[in-house]
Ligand SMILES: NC(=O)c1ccc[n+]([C@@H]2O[C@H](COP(=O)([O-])OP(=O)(O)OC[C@H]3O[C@@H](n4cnc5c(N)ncnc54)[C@H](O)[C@@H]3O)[C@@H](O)[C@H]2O)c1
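So this first bit is one chain, no partners, the form predicted alone, shown in structure tokens.
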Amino acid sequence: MVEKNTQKKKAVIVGCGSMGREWMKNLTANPRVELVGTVDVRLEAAQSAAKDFNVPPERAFTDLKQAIAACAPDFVVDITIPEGHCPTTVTALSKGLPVIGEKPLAASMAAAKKMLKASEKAKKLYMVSQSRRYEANHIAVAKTLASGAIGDVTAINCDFYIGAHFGGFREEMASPLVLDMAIHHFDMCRMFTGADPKAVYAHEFNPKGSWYKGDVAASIIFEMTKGIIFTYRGSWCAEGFPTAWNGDWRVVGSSGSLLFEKDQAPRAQCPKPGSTGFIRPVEDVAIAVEPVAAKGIAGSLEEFLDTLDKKIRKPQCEVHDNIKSLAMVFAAMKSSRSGRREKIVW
């Protein structure tokens, strides 16, 4: 419910493709938001979206600056292709408008740094939506690890194996898995552990039987702060026994372990107090999985709005934080090409 005497915040969205429409569903369903303009490089796409989401036809544009001048929005939603994120977000920030955008933050680290500096110069919020941070199981994993229930985290492993027949651009990319998918898992690792990346050794490859042109599989080792090692193994051309799209996870702590697999509720075990022997008997650790009021994109949007309304100081994926997840992607690709351990900088 919108609080009494609280005016809705006006939004302009840039990018009216399938993902843009998913965002428009969430924007128009949120009682705190009014969608006042649509922008797309294809005018017909902007006009079609405007019609479908009850935006006046004259509020459909191909140019963001024109949309801002005509619609006077309170914020901009950037759902362009990755190469479009930098010019779109920098334009909005330069007009004094906060931005929420889709992952990945940018198509390069140089572009990401330009966007970060634009946010600092404008003194306006730029937040990246990492929608998987707003899932009940994921929040439960993060809270359990932060509580010390399995001691200090020493290692975290993620397996991701799915035979994905996309067709189209992904099957032509040089690094489809790492560049297009793995940022979800890399960001989840940071969410789960509260640790940041320091260095990486990565090996990307294209297995026999692959229907991709590029390296669609990878084995990656990240060195994280807090002395944590993150191991990532994945493939988008692995037929049979698929993992969850969120990955299957094992976390090893100094006094126990946690499993999160197949998107089922996470489980944890620790040795029974006072137990002895070669392999000590274990007992289950209770993990509370609490309902999430706003999941996925809706959760990202709520956190963004709460920040604008000063209910919270800073959202999880503000640009200064999210650039660390992006840095993991580009450092892994650099390591794979150089064959060396690479430091991770942002």
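Quick note: we count residues from 1 along the sequence shown, nothing fancier. This is a predicted model, so every value here is computed, not measured.
Beyond the structure shown, there is the form predicted in complex with the named molecule, which is absent from this document and is the topic of what follows.
Among A146, I81, A136, A72, which has any heavy atom within 4.5 Å of the named molecule in the model of the complex? None of the other options qualify; the answer is I81.
Pick from 156 to 164, 81 to 89, 248 to 256, 199 to 207: which stretch has a heavy atom within 4.5 Å of the named molecule in the model of the complex? Selected stretch: 81 to 89.
Does D40 make contact with the named molecule in the model of the complex, using a 4.5 Å heavy atom cut-off? Yes - in the model of the complex, heavy atoms of D40 and the named molecule come within 4.5 Å of each other.
Does V12 reach the named molecule in the model of the complex, with heavy atoms at most 4.5 Å apart? Taking the distances in the model of the complex, the answer for V12 is no, it never comes within 4.5 Å of the named molecule.
Is the gap between K124 and the named molecule in the model of the complex 4.5 Å or less for some heavy atom pair? The answer is no: K124 has no heavy atom within 4.5 Å of the named molecule.
Flag C16 as yes or no: does it have a non-hydrogen atom within 4.5 angstroms of any non-hydrogen atom of the named molecule in the model of the complex? Result yes; C16 sits at the interface with the named molecule in the model of the complex.
Only counting heavy atoms and a 4.5 Å limit, does any residue of 100 to 128 reach the named molecule in the model of the complex, and if so which ones? Going through 100 to 128 in order - heavy atoms within 4.5 Å of the named molecule in the model of the complex - the hits are E102, K103, P104.
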